[in-house]
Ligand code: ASP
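Below you'll find only one chain, the form predicted on its own, shown as structure tokens.
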């Protein structure tokens, strides 16, 4: 059997981390690993800024080249290893400076260099320490996508192409995460943090025994440990819980990661590169034992609340269709929604093109936009049989002086989301985590305990 091992940006941040990755992979060579690698930590952001600077006519790729040169030096690798790619970046940036334009397609090309540089460095280090390895760009390994630049998705034929390409690769394939190519040969990206998605796509195509996501925390946590120091690792969870958690702001997994794994019921294990002996979190279709009421608490910032107000909603069956159509035309995703007789309240990314929505709707409704919001979500498959979780959550926030402005629950009752001021998000997460995970058993009802 084969495993996929995806290493995130923090796992390959510098020479010492890359050495640790090599040690981890060496210990698993018997399981025939296929390695997926992200850009080094911070490089995608650096590339994004370089691209923006190029539009203004003053791009500077020297710091990027210097960082990668230092990595090669620290690892004792050939200093000219990355020269062709670095030259390609410089040529691309000059072109952007000339036209003073950065299209979505060109931005994807700029962003792709992070992973392309990273895999060559990581594969070269593997070879230098006796691990036979070959660096492969994902599009050369068969990952063909649609042309939705910035949020591309694999085409159905990618599965067969990946299998046929990789089945005869000698040694350890070290493959770029995050990127692919469309049918026109243009580089695409799968969205930020899309290397997780790449790992699942390759795992699905190769029908592996396990997809491993290596990161810098001990698996999926009950909350972000940077916000809640007492956050605990979750030993096991279902695909459904992991998907909900990722969608509502969990940082460990890309929201789309679970989908290819679910299709073939492939277990996903989230592990800590800094503590490779830690069991991490195992994500499967079903988890043995009784479901705890709450699995994790997460938050997502940068949310806008929109209030669409119109008396024309009364008895008008086409009003909601028109509303959704305007959002759909602009590819603006609606996260949560609540309706009354004459108003619709919904949430979306605050960076969306909300001004154009306001112009489009002014003939039929008034639109109030409130930015500076955050969604705090409680996730757990056990919530279905424990309705007291809702009342407990609301009481907890009330005692913390936080008043939710919108409350929604998923149709499957596996998540509860509360809209709060962005400045209150961390306090809300800490209060809820303390209530559901940290209080002594005598302080909370037995049914509401979730691993305290």
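Residue numbers count along the first chain shown, from 1. What you see is a predicted model, and the numbers here were worked out from it, not measured in a lab.
Unshown form predicted in complex with this ligand; subsequent notes refer to it.
Student: Does residue 44 reach this ligand in the predicted bound form if we count a contact as any heavy atom within 4.5 Å?
Tutor: The answer is yes: residue 44 has a heavy atom within 4.5 Å of this ligand.
Student: Using a 4.5 Å heavy atom cut-off, state whether residue 330 contacts this ligand in the predicted bound form.
Tutor: Answer no; every heavy atom of residue 330 is more than 4.5 Å from this ligand in the predicted bound form.
Student: I'd like to know whether residue 178 contacts this ligand in the predicted bound form, with contact meaning heavy atoms within 4.5 angstroms.
Tutor: Residue-level check for residue 178: yes, a contact with this ligand.
Student: Does residue 115 make contact with this ligand in the predicted bound form, using a 4.5 Å heavy atom cut-off?
Tutor: Output for residue 115 is yes: heavy atoms within 4.5 Å of this ligand.
Student: Tell me, which of 352, 193, 238, 272 has a heavy atom within 4.5 angstroms of this ligand in the predicted bound form?
Tutor: Checked against the cut-off, the match is 193.
Student: I need to confirm a contact call. Of 34, 39, 54, 416, which residue comes within 4.5 Å of this ligand in the predicted bound form, counting heavy atoms only?
Tutor: Residue within 4.5 Å of the partner: 39.
Student: Look at the stretches 201 to 209, 319 to 327, 121 to 129, 185 to 193 and give the one with heavy atoms within 4.5 Å of this ligand in the predicted bound form.
Tutor: Partner-contacting stretch among the options: 185 to 193.
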